[in-house]
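Next up: a single chain in structure tokens, the form predicted on its own.
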């Protein structure tokens, strides 16, 4: 198991693609803190039952709130003693309406930015000191293939994910000297249980996504897991500041 002895925090880990990330990390031996605005106790229990190890925990928190991010880090350290891996997955996506840029309310814009980019910033701010002290860490920021091509009527989301890419590149320069790797995993349009709840997104995006791919099929959460584990393991110890697109060949330049 490539992650045996490692401890990971997964934000947005209680549902959708994040739930798959939690299971994959645990299957490779990691201790996992399932952190989400939704209750992650069921996911933690599922993982414990599957692995036979008491190596999971959960916490309800809002990634856009600094005090709650600090509390999550403190609880993880209390429970597991260290933090080796941070998966910045929590994001506002599935419930978002498609809107022309002229119709986006400022409050909605700020909410998207607060969760999708302030959240990763806050988690890195409060997790990195513990990684620096141990001279080791893996930070994986979850981006989006939409950044490479842009899509209409979704500028709030695309902009926030573009910021994630820039954040990764900047922070990787700061933390590299401490043995911490910071990379972005950029999925294509992925059919997750939460994503499928927005039928408008599905109707607008599914067929076009397949048409643009070199591999002509739907993308599922399972397609992302190998790359996630690679970025969290020693196999990527000399790789940082990069964006890995896992999208069936949509963005291949």
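Quantities reported herein were computed from a predicted structural model and do not represent experimental measurements. Numbering follows the first chain given and starts at 1.
This protein has a second form, the form predicted together with a small molecule, left out of what is shown; the following refers to that one.
Want to guess which of 175-183, 75-83, 102-110, 139-147 is within 4.5 Å of the small molecule in the model of the complex, heavy atoms only?
After filtering at 4.5 Å, what remains is 139-147.
With the partner left out here, check for me: in the model of the complex, does some heavy atom of residue 40 sit within 4.5 Å of the small molecule?
Close contact is absent here: in the model of the complex, residue 40 is far from the small molecule, nothing within 4.5 Å, heavy atoms only.
Under a 4.5 Å heavy atom criterion, is residue 36 part of the interface with the small molecule in the model of the complex?
Looking in the model of the complex, residue contacts with the small molecule include residue 36, since a heavy atom lies within 4.5 Å.
Consider residue 190 of the chain shown here, and say whether it contacts the small molecule in the model of the complex, taking contact as heavy atoms within 4.5 Å.
Contact with the small molecule, yes.
So, residue 115 and the small molecule: in the model of the complex, are they within 4.5 Å at any heavy atom pair?
Result yes; residue 115 sits at the interface with the small molecule in the model of the complex.
Checking a candidate spot here: are 7, 87 and 121 all in contact with the small molecule in the model of the complex (at least one heavy atom each within 4.5 Å)?
No, none of 7, 87 and 121 comes within 4.5 Å of the small molecule in the model of the complex.
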